[in-house]
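Given next, in structure tokens, is a single chain: the form predicted on its own.
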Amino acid sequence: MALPQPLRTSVSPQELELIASEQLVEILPLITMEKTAFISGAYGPLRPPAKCRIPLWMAVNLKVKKKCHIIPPDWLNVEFLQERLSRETSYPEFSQMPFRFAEIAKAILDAAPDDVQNAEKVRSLLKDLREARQAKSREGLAKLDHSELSLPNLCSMEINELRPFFIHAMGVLTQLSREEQNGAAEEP
């Protein structure tokens, strides 16, 4: 969602991708490597053909160097995404997705499209899913109330896109509500 500059006070998509890069993913290593310690933890050992769980940033780094295959998460496939898209367009509430699905999918599809079955179809479904969820978000804006806001199953990227608008809108609605209450209290 493109917002005017004054409303862009949220974290950038690149920063969200960096945060998501700490998520653990499964790889099939092509090299042998001993257990390696990082600030975020120790990962490994890598011993082909045994699968291993490592952070996404490390998996992307190894994939770029052709030292592993990334095993896509269970949700990053055509069947799952088609089912979620169908739910998204059939029901008023947001379908449940992994909290950082957009960032993880982008990182994997950019670094390892050859490891994802039907990568182009998956990209297309992710785009359709994102558009359907954005349309739902816009519909929800019409029902904005100053006292309560409930949008279950929003994902990090969606929350980040809507945050500046909601902060501003909720401030204005609260101010209007206070003015209305003060005006009603002053009248005899």
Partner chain sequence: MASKTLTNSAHEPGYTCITFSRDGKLSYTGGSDSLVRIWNMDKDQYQEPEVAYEADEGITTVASSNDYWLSGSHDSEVRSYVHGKPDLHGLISKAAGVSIRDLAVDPAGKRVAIATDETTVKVVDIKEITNVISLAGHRKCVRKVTWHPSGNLLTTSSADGTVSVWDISGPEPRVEKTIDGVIPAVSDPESTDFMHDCSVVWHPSGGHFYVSSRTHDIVVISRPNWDRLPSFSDSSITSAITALALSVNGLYLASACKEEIAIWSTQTKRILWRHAGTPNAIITQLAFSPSQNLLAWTDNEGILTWWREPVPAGSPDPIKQSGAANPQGGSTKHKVPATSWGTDDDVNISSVDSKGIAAGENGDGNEYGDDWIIDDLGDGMEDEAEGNGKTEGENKFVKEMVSITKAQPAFQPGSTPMQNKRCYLAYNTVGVIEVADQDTHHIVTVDFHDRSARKGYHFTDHFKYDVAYLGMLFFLCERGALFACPPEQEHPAQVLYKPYGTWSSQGDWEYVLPPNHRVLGLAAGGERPTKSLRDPSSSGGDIQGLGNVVVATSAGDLTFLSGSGMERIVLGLEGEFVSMAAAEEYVLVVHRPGATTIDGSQGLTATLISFEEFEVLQEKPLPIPKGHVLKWIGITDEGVPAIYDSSGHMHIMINFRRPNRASWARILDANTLERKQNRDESYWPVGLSKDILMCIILKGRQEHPGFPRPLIQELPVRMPFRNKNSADASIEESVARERVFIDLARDGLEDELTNSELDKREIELDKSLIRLIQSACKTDKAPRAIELTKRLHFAHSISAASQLAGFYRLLGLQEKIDAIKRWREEQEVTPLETVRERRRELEQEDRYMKAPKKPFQDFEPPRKIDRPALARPAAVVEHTEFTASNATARAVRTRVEAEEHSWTPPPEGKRKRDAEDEAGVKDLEREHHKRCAVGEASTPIPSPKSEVFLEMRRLCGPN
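Computed from a predicted structure; not experimentally measured. Numbering follows the first chain given and starts at 1.
Unshown form predicted in complex with the partner chain; subsequent notes refer to it.
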Considering the partner chain in the model of the complex, which of A112, I71, L85, A102 comes within 4.5 Å of it through any heavy atom? I71
Answer key: of V64, A119, A135, I31, within 4.5 Å of the partner chain in the model of the complex (heavy atoms) is I31
Consider A50 of the chain shown here, and say whether it contacts the partner chain in the model of the complex, taking contact as heavy atoms within 4.5 Å. yes
Do any residues of 109-131 have a non-hydrogen atom within 4.5 angstroms of the partner chain in the model of the complex? If so, which ones, in sequence order? none
